[in-house]
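The data below hold one chain only, encoded as structure tokens and taken in the form predicted alone.
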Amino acid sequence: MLKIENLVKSYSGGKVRAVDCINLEVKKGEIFGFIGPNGAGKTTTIKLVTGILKPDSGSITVDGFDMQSRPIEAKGRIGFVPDTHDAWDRLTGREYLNFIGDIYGVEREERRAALEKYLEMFEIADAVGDQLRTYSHGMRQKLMLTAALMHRPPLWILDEPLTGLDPRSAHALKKEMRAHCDGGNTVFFSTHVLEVAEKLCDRVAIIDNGRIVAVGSLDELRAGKVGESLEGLFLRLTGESDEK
């Protein structure tokens, strides 16, 4: 579903490599976790994968479509929730959702059904007529999730999707992520909550200093250390320690 090959992105005139020759393949039907310390390159990688940034070199393929040569088709296969909530504050929630629906060409009945489902799931149906400037952080997160998922994309790319969600909405989203993948689709998400990644993900990749330092299932990453937690793995593979 998602293939990343030899991906490189530098800043400061090439002096700082935020993403340093990353290779990943994320399969259909799996929840794939992307974890790493602050500044490790997670968000830069996600912005490259979604076409927001252009790589210095390397390639990204989404469901068979190359992001460089066929960006419209590739982006159309993605539902993206960023770690920020930039939007036009004077739009109402419904106006924003309809704007996104128009961009993705979501037909009226499909749009109605999707909005009914997600607005009820995230408990913001009563607020959808209000302007975005009145929304709390959590309400904006719920709106962004609704907007990203309404066109039924096969690949969900979620950057810290649980941030700001109340426990009921977080539980509903995790169930929806699993149901999405059980239907043969894919979820690629970053998180700092290692317990969530440990319980939810089929496989994870750990990034540190712009490089992938490990990828696989929890059992594969344990490398014989039976019972080791994802937190323990993370600290060991990123050179962290309890003292630090």
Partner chain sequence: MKNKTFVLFKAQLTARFALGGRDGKRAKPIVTAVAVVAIAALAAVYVGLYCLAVDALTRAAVAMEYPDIAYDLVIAAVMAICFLFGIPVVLSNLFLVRDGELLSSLPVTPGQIFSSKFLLVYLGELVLTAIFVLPATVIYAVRVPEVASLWFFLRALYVTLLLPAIPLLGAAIVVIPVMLIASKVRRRELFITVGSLLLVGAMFILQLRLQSMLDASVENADLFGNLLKNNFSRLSAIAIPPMSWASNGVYGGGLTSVMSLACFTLAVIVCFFAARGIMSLIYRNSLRSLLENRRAARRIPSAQAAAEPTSPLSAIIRREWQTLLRSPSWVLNGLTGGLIALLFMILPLFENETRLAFVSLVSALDPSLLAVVLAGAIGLLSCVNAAASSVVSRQGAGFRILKSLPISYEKICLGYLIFGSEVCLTWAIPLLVGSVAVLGLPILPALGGTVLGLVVSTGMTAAMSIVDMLRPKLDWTNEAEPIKQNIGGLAGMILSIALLAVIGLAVYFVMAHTTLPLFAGYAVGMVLGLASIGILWPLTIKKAAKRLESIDC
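Numbering follows the first chain given and starts at 1. All values derive from a computational prediction rather than experimental measurement.
One more form of this protein exists, namely the form predicted in complex with its partner chain; it is left out here, but the text below deals with it.
- For the options 61, 50, 190, 185, the residue carrying a heavy atom within 4.5 angstroms of its partner chain in the predicted complex is 50.
- Note on contacts: among 149, 155, 165, 115, the single residue with a heavy atom within 4.5 Å of its partner chain in the predicted complex is 115.
- Heavy atoms of residue 236 never reach within 4.5 Å of its partner chain in the predicted complex, leaving it off the interface.
- At least one heavy atom of residue 94 is located within 4.5 Å of its partner chain in the predicted complex.
- Proximity of residue 169 to its partner chain in the predicted complex: non-hydrogen atoms within 4.5 Å are absent; the residue sits far from the partner.
- Taking the partner from elsewhere, residue 9 is found to have a heavy atom lying within 4.5 Å of its partner chain in the predicted complex.
- Although the partner is absent from the chain shown here, 76, 87 and 98 each have a heavy atom within 4.5 Å of its partner chain in the predicted complex.
- Interface residues of 105-122, taken as those with a heavy atom within 4.5 Å of its partner chain in the predicted complex (partner not displayed): 106, 107, 108, 111, 112, 115, 116, 119, 120, in sequence order.
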